[in-house]
Structures are given as structure tokens and as C-alpha cells.
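Form predicted alone, single chain, as C-alpha cells, below.
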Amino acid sequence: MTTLQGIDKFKTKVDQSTAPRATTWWQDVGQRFRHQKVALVAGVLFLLLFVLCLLAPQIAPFSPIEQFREDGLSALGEPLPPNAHFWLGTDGVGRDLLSRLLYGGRVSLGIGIMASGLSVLLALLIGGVAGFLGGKTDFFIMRFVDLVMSMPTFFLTLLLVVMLSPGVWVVITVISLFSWTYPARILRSQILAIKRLDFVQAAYCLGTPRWRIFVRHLLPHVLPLIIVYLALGIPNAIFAEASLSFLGLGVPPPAPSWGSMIQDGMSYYRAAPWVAFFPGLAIALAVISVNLLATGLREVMDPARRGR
């Protein structure tokens, strides 16, 4: 009998040592994301751009508004091409293009991230309340969402920016005001589906306060969707800021942004194409990397896609 008990204990220890360890949902997402090679590289690229722009005061060779009229322009008064002193060349008034690119990235990426975060927050508040409360509240809120979606957003954006005078916070607010509608509809539909599940109904039966049900039971289940839409909203906000700055309605000069740098370089697109090329390349890299990152996050977080 003693021998049999010893054998059973040995088998139990072997089974426990060889059995796979249970992982949390976030650990499972991390393991799946490591296999998304393209998204992983895109995330590293975007992080590198973000860190470089964040450290602009420490790594930029010059001030973004300093003009080198003596050695920063050619004999004809045109921008200098990339050289040993100005690595990416200069712009039309002799300012270092690399320094302006780094400082402009702080504005463009900052507006993109903050505008996307604010729009997702609005989508969660409006769509979440509509889906959670339901009934007439849901009906009136969604009709308001339909009304906002039917508006010509680009022209209203231009009108609001002109009325409120261009500025960083004005651009962030205006962009986020017209980019929350689609995520709100998606979040509302998800919450409508989740609140009918048994564990949520059990919480209702136990008398759990509504706010606690929303925070503890519903919000964690839509958090992956929030993260995905946050990532998807960043490139749209960057494009919107670049469009406004290109039209002269973005961040007022002399503060640089990638969109305003492209607008400045359009006057020299033949004589000095690098003035518009480098900020355009920065926008393209940021937008492509975030889009690929968002696609990878969607693949590993969306329950409908994780089994593919």
C-alpha cells in the first residue's frame, strides 16, 4: 500500500510539473501579439518616432524657430539641401529642418494621441450610456448620433476652427467632436449584447448598483475594443491636423507641425523638394505604423478574429 501511495504521489508531481501554466487574458494577448511580427515592428517604429519627438529639446541640434540667414540659405536665398551642418537641410527662411521635424512631431503626434483619446472617451460615455440604459434614452441618444454623422464634418471643422481661432487645444477639441460617432455605435452594440449575459443579469438580481455593474462587469469586456479604436483614431487625427495646418488653420506659427511644414515646403517643391518630403515621410511612417499596430491589436483582442 505504501508503495502504491508513493507511486501516486510521484505521478501527481510529474503531472503538475508538465501541465501548462494557466495564464491571464492579458498574458494570452501578449503571447499572441508576439506572433504578429508586422504589428510588432510597426509598434517599435511608432514608439521610436514618439520617443525621438518627445526628447526633441535634448536631441534637436538647433531651436526650431532659429533662422540662419547667413549660412542657412544659398546665394540665391533658397533652402540648403541636406549637408554635414544641417542634416536634413533648411527651409525657406534658413531654419534647421531636422529640429523643426522633431518639434513638429511633438505637436502632430500629441494632437493625434490626445484627440483620439478624447473621441474614444466621448464614444464610451455616449455609446455606453445609450447601450446600458436602453429604452427611450437609447433611442434619443442614437438619433443624436445619426444627426452628427449626417453633418458635413470637414466644413464644420473648418468653420469651428476659424470661429475659435487656431490653437493646439482648439484643434484637439474640434477633431474629437466629429470622430466619436462610429466608435460610439460599436460600443453601444457591444454593451447591449454583454448586458444580456447571465453574469450581468445575476448582478442585477443581487442588487448590485448600476454604476458598479457598468464599471466592474461591462467596461472590462469592451476595454479591448476601446484600445483598438484608440489606436485606429490616431492616424485619422494626425491626418486631420495635417490638413488643417496645410490650410493655415492648424497650430499658429512659428510653432512647427508636420502639416504646416508641408505647407511651407510647397513653395519650393521644385527647387527644394526635401522641405516638404521629410515631414510628409514622417506623417506616412506614423500613420502606417499605427494602422499596422491597430490591425495587429485587433487580431489578438477581437474574439471574432482570435480563432482564425
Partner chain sequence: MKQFGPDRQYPHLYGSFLLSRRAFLRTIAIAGSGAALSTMLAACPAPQATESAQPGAAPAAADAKVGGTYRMYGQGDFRTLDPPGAESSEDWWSAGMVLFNMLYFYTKEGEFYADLAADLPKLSADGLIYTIPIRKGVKFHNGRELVADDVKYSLERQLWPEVYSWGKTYMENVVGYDEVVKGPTKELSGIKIIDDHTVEITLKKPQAVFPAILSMSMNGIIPKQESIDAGSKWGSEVVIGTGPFRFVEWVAGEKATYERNPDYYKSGMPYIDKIELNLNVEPATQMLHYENGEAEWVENIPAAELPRLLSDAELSKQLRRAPSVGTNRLAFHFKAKPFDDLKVRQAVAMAIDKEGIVKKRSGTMTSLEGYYAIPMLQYDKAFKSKYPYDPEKAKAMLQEAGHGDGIKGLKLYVGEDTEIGQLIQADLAKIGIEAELAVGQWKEWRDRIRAGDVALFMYGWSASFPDAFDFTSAWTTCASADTGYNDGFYCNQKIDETVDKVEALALTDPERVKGYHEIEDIVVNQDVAWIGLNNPQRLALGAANVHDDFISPIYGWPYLETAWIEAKS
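These numbers come from a predicted model, not from an experiment. Numbering follows the first chain given and starts at 1.
The form predicted in complex with the partner chain exists for this protein as well; it is not shown, and the discussion that follows is about that form.
Although the partner is absent here, F62 is not a contact residue: none of its heavy atoms lies within 4.5 angstroms of the partner chain in the model of the complex. Although the partner is absent here, G110 is not a contact residue: none of its heavy atoms lies within 4.5 angstroms of the partner chain in the model of the complex. Using a 4.5 Å cutoff between non-hydrogen atoms, L73 counts as a contact of the partner chain in the model of the complex. The partner chain in the model of the complex comes within 4.5 Å of no heavy atom belonging to L232. Stretch-level contact check against the partner chain in the model of the complex with heavy atoms at 4.5 Å: of 118-126, 152-160, 75-83, 168-176, the positive one is 75-83. Interface residue among V93, V148, I194, I226 relative to the partner chain in the model of the complex, by the heavy atom within 4.5 Å criterion: V93. With the partner removed from view, the residue among F239, F246, F277, Y268 that has a non-hydrogen atom within 4.5 Å of the partner chain in the model of the complex turns out to be Y268.
The partner is not shown here, but in the model of the complex the stretch 53-72 reaches within 4.5 angstroms of the partner chain through a heavy atom at Q67, R69, E70.
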